[in-house]
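Below you will find one chain, with nothing else, as structure tokens; this is the form predicted alone, and questions on how it binds or moves follow later.
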Amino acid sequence: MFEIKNITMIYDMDKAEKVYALKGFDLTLPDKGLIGIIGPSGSGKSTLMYCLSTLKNPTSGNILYNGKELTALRDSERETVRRDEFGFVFQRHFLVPYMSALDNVTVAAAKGGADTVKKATELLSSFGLGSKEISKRPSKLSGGQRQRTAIARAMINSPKVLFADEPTAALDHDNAFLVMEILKEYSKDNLVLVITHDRSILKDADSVIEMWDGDISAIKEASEI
């Protein structure tokens, strides 16, 4: 699905002391599965996610998605890819505070109507939010419920790729593993990329990419995790 060739990202290009967030490496990612990307702060893992998701353009190199060169797309074309193909889950849920959980999910849908409300309700229900919870605003939900609502929002358009940047960092142990169970199930038919500092949440990953100082230090398959 993704083919990355000699990707680099350099910040502070106009300064004498340039910062290399990505140092030029190749990487191929599959069509589906749960892939962990792990490393310390400043290792380049979030920058890699931003480049793959078209939120940033790399300084040099190529990113092919299903044979399409993402770095050559116009802004409007990148927006279309993000809307139709990608979903995003972040450490902070970024829910709209004055909307109910259900409305927070349906507002992200490409299409409205009764079918979308039905799908959003079913998603939230499968994540453990009942009829009382889905009518509540985020401030009335627990941290785990808010994050599960954010995941449902990310899934409402059935994205082929789900990007999750530190999705469990603000959660307790039980909620963190519940979130990972949801992402693992979704990865059976889609690609889920989880960026994290926490190796323990990747115990069921199909592979783990380890990053260090802007480069890939190791790629471990499921049997090695």
Ligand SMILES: Nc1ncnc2c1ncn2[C@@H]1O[C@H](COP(=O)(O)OP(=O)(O)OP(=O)(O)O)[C@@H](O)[C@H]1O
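None of these values were measured; they are calculated from a predicted model. Numbers follow the displayed sequence, beginning with 1.
The next section is about a form of this same protein that is not shown, the form predicted together with this ligand.
**Q** If contact means a heavy atom within 4.5 Å, which one of 180 to 188, 153 to 161, 61 to 69, 34 to 42 is the stretch that engages this ligand in the model of the complex?
**A** Residues of 34 to 42 come within 4.5 Å of the partner.
**Q** Closest heavy atom of Ser53 to this ligand in the model of the complex, within 4.5 Å or not?
**A** No, Ser53 sits far enough from this ligand in the model of the complex that none of its heavy atoms falls within 4.5 Å.
**Q** Given that this ligand is not shown alongside this chain, does Asp198 nevertheless sit within 4.5 Å of it in the model of the complex, heavy atom to heavy atom?
**A** No.
**Q** Determine whether any heavy atom of Ala21 comes within 4.5 Å of a heavy atom of this ligand in the model of the complex, and answer yes or no.
**A** Ala21: contacts this ligand in the model of the complex.
**Q** Taking 4.5 angstroms as the cut-off for heavy atoms, does Thr168 touch this ligand in the model of the complex?
**A** No, Thr168 is distant from the partner.
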